[in-house]
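In the form predicted on its own, a lone chain appears below as structure tokens.
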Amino acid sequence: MTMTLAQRERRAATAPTGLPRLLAGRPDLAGHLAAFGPLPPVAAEMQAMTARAGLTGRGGAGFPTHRKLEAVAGRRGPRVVVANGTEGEPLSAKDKTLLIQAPHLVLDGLDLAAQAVGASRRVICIERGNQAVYAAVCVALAERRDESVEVVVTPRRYVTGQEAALVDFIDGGPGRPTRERPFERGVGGRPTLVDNVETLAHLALIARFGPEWFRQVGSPGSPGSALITVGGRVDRPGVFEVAMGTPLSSVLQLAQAAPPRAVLLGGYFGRWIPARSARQLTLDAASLSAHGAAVGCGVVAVIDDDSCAVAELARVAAWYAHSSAGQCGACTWGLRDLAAATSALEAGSPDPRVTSDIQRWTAMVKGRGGCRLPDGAVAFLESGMEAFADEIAEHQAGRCRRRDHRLLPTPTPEAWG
């Protein structure tokens, strides 16, 4: 069943204007329906609507959502849709915030995606330890009287949130990355759509208010809004919904950031951007790609001149090494050696071979892992070595004056069973 032009116009007339969009309702079902209304019967049109909207994935990769829908819908046999709410990125809180404040919007998107690709099985994944998130999702499902959605609690490991690893865990495996492509062979061997929960929430809004409404904010090449987690040396850390294309300086102002020395964009899989470049950037693909960066998982972290960046690099390099699934040599040994070398920099090793070793080893591990974990370490460390070259020289001379504020969290991953 499709919507008539008159129905679309009436629906558009009720659309919320401005921001926030994703967080405009209430967590309960009655408040959700009062803010957004019921889902219209547009499942058959969702691929085309999503393509016109220009929605891209909000989990990190930024892949066009309509192409993922098409890839799964075009396969034969029973299909599965997985809502990825694991959010293993230590700096990010956007998915947790969304699932607590707007769980019904995510579940609407999950239902729509399942209808659009013809899936008979729906799964939502939440990382272990997020009790408030788990409770919000369970309450929302009870309100909907929907017992068919499976809630899967995953280990506290970054790599298990990777879509092939997530499929492996749902199927009873340890949650390690595999070579399988989920849209071909996913959960139970079936074609599987794995989408981030924010992506699904946007899908639910596009279904209600249309692709033209979605494009009312954002830039032509990066339409819509995004949830951004801002942290580091800021007085007002938190999650903000901003239009794509918003100047990075405006986001920093929202969070009352200290004058930045550099900004980390995209979390631990992102890149460090020196302040002189960051001031000119807008949060869209065209602006960020010129610096090798992307919005990614929607993280902005600020480091100021009082903070020891080398200490932060060393801790995150160690986190990368501890996060390895232990399947590939480049990851198992390469990340270990990079962590040791970065730790030596922090300790003030004057040996010039330390920096050349880091440069050589990052080149060696790039593109060599079974998943993208080594590539994330490379982007983080290479950009950090460049952004903080002066401080690295100070460490090697034994005279760093900055303090270790421990701005970047490094939670210990769960051990592999």
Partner chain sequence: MRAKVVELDPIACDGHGICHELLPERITLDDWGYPIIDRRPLTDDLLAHANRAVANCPVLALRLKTVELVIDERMRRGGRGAA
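Just so it is clear, the structure is predicted and the values come from calculations on it, not from any experiment. Numbering follows the first chain given and starts at 1.
There is another form of this protein, the form predicted together with its partner chain, and it is not shown here; the text below is about that form.
A330 is the sole member of V123, A73, A330, V251 with a non-hydrogen atom lying within 4.5 angstroms of its partner chain in the predicted bound form.
Between its partner chain and the residues R236, R145, R276, R179, the one pair within 4.5 Å by heavy atoms in the predicted bound form involves R179. Remark: M364 counts among the residues lining its partner chain in the predicted bound form, judged by a heavy atom distance of 4.5 Å or less.
Taking the partner from the other structure, its partner chain in the predicted bound form has a heavy atom within 4.5 Å of a heavy atom of D337.
Its partner chain in the predicted bound form is approached by G370, whose closest heavy atom lies within 4.5 angstroms of it.
The closest heavy atom approach of R353 to its partner chain in the predicted bound form falls outside 4.5 Å. Only one segment in the set 355 to 363, 57 to 65, 44 to 52, 29 to 37 has residues whose heavy atoms sit within 4.5 Å of its partner chain in the predicted bound form; it is 355 to 363.
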